[in-house]
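In the form predicted on its own, a lone chain appears below as structure tokens.
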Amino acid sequence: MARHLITSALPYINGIKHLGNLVGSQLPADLYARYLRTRGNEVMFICATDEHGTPAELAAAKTGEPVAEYCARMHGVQTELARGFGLSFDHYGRSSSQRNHALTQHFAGRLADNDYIREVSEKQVYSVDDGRFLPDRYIEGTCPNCGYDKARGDQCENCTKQLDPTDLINPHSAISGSTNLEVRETKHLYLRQSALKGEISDWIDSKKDWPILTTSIARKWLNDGDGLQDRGITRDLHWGIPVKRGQQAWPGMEGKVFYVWFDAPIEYIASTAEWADAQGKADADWRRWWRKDEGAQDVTYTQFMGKDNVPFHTLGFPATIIGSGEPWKLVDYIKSFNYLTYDGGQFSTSQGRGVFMDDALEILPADYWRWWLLSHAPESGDSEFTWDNFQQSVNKDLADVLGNFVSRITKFCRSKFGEVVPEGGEYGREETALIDTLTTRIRAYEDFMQAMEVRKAAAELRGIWVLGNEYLQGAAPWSTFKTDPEKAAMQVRLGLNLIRLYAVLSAPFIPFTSDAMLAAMQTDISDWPDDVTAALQALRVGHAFIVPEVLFAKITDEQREEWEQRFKGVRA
């Protein structure tokens, strides 16, 4: 049994996440975690809310709540939505936890001890009208690299180029819109990433199996222009982790906090510690996932994220781990995704554009969304969500192929043999051929899932569903029954076993439907089909089942048109 650590990029706390956020990290991470568990692996699947920084302060101010109370409430909201979508986290933590405070301050102390932190007196943008220093991301302007007019002071989300606020053309405060900005002097801590460039570059070069999207972004940041730059890790804010050197005060850093992009990735480790705390386990139980001197040398660590998060996970977080000089586990594989677009433009939390997780669950069950998002995952390029495509995919794949197969078999069996697996002849030539084809395609499905090729895995799974329909259409047990009831019983018995098999194979993609199919077959046998012949004999003669409710209702043209109009504007 292999051990797998899986982390999903942390969703930010300032609001409910949209479907683009979901498919860019959490959902494919859940797919992979569910698959690995089904195959008998030991899995630790970790995520958390990212709670520090100015956006949390501003979001709380809008609701009139203290920022700590706002973050606690929104963590609860995001937790419930994650459950609603079937995200099977072992723990869903909070970057504001005491565990993350202690670990972030510990790493900062270790980096300072190893001479990887320097103090810098610098000029920083101060908004006179707002009465505060502006964090990089709350200065907006035009990107000097690509001309995008909503670039932030830390990074252009359009071209992913790392920026400083002073690089922006026509900068203004994203808080008030004011252009009454001054440059004032302040002191901050910088992580000396440049001193670690060689080690980070060698490490990235060793990852021959990483997606091109991941390595191309990492190498661009490493080699473009002046190469890997030192990065500020503190900010003039109130809400965040106080700057300390381990447990000691840091002279000159009073009143400052660590930059959210320094503490957020450390929360992966902290959230695993939070899991141990919640389970009443010892520290050794979480450290075995993260410390190579305490058991993590046998762990395979996989991260899932959108492409905008890649630089911080290929450069910043590894610099923290390597620079600490301690045997912490580095990521083995980074699965990165392009963007899911909506109606010709970007999904956007800040602009309220697109379909958001709560609205999605209000109009349809989670598995409709899970299937479409995963089968259209933006792997090789950006993908676009359109209501036409969503309707067609749901109706053809889920209703016509899988749902129709389950309905036809169970209803026909009930009408001719009752709600039990019927007794009949042995599997013949057609059934043997089907088993051979299924075996080939299931092995291909396993390969795609193991390689995290999400869209290819979805296409293979759909092909496996189609095989059952093609068999049923060719066997035509409703016709066979008229002349050879025993053979028809055998065909139906195979069909019922296919339902159980499909439930097992489909569980990573559509877990709620999988549970419904197993419940209909009244079985808890969910072993992976290493032997397809044996898997198609799991439900024995006489085993009772029930005819399930319709698994997937078709989306009507009227529903599609209503939703198109409802989600055409900006979310309130």
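Heads up, when I say rigid core I mean the largest set of C-alphas that superpose within 1.5 Å between the two forms. Sequential numbering from 1, following the sequence displayed. Keep in mind the model is a prediction, meaning the values are calculated, not measured.
Below, we refer to the form predicted together with the RNA, which is not included among the displayed structures.
The stretch in contact with the RNA in the predicted bound form, judged by heavy atoms within 4.5 Å, is 302-310, chosen from 108-116, 426-434, 302-310, 175-183. If you check the RNA in the predicted bound form, you find a heavy atom from every one of D400, G403 and K456 within 4.5 Å.
Within this chain, R231 lines the site of the RNA in the predicted bound form, having a heavy atom no more than 4.5 Å away. At a distance threshold of 4.5 angstroms between non-hydrogen atoms, T320 is out of contact with the RNA in the predicted bound form. At a distance threshold of 4.5 angstroms between non-hydrogen atoms, W369 is out of contact with the RNA in the predicted bound form. Mapping the unseen interface onto this chain, R493 falls outside it, with no heavy atom inside 4.5 Å of the RNA in the predicted bound form.
Residue-level contacts in the predicted bound form: of R132, H238, R288, R408, one residue has a heavy atom within 4.5 Å of the RNA, and it is R408.
When the RNA is considered in the predicted bound form, only one residue from S97, T142, T79, S216 comes within 4.5 Å through any heavy atom, namely S216. Counting a residue when any of its non-hydrogen atoms is within 4.5 Å of the RNA in the predicted bound form, the hits in 230-267 run R231, R235, Y259, V260, W261. In the core-superposed comparison between this form and the one not shown, G316 has its Cα shifted by less than 2 Å. Superposition of the core reveals a Cα shift of less than 2 Å for A218 between this form and the one not shown.
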